[in-house]
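Consider the single chain below, provided in structure tokens and representing the form predicted alone.
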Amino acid sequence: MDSVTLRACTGSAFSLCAGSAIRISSTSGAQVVDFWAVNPADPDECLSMEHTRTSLSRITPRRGDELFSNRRRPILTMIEDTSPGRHDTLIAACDPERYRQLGVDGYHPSCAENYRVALAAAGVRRSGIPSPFNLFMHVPCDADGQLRFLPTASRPGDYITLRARIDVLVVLSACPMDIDQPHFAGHRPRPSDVDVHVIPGTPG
């Protein structure tokens, strides 16, 4: 099992062969990780949150669920989740414009930029930034449709493992969000490192 530490506020890409898996561990219990997957043989195909929600008839995937691409086929399976299962499929990746709106003057790292840089470093080109699967991000939806941004429910060491159904390039970003915001319900995110493990496997 190959292991690497994804430093706070940074992103990286990981190649998975069909049958292998990737485990993302929250070392602090509080770090959100933006997760994408792209088909390197056809970069127009990628993990799609809207297609996954449609296929599952559920907002949040659970252990045992398949995650679907924009071609409506399963490309990953969630095989483990030791956290309470609070993950988000609704919120867009943070980007430079988001930080400008929050009053940041000058450069601030973002998940959108981490995605672009990691994809380019892997030699894959595609336009646009798909909606990410926001691991460990807790954004429940109330009965009236109101979203609430709550602290992560995961504990230090909690992890999620996803197995590739096809060859995919996974992109991860240890979210750099560290700005006080009213909708964060009084908590301020503090970016921290994430442990990533690539686990060999066999198709099937």
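Model, not experiment: these values are computed from the prediction. Numbers follow the displayed sequence, beginning with 1.
Quick note: we don't show the form predicted in complex with another copy of the chain, though the next part is all about it.
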Open item on the list: Given the stretches 57 to 65, 22 to 30, 154 to 162, 167 to 175, which is the single one in contact with another copy of the chain in the predicted bound form, using a heavy atom cutoff of 4.5 Å?
Closed with: 57 to 65
TODO: Quick one: from 92, 124, 104, 79, grab the residue that has a heavy atom within 4.5 Å of another copy of the chain in the predicted bound form.
DONE: 92
TODO: Classify residue 108 as contacting or not contacting another copy of the chain in the predicted bound form by the rule of any non-hydrogen atom within 4.5 angstroms, answering yes or no.
DONE: no
- [ ] Look up in the predicted bound form whether residue 42 has a non-hydrogen atom within 4.5 angstroms of another copy of the chain, and give yes or no.
- [x] no
Open item on the list: Heavy atom within 4.5 Å of another copy of the chain in the predicted bound form: which residues of 145 to 161 meet that condition, in order?
Closed with: 145, 146, 147, 149
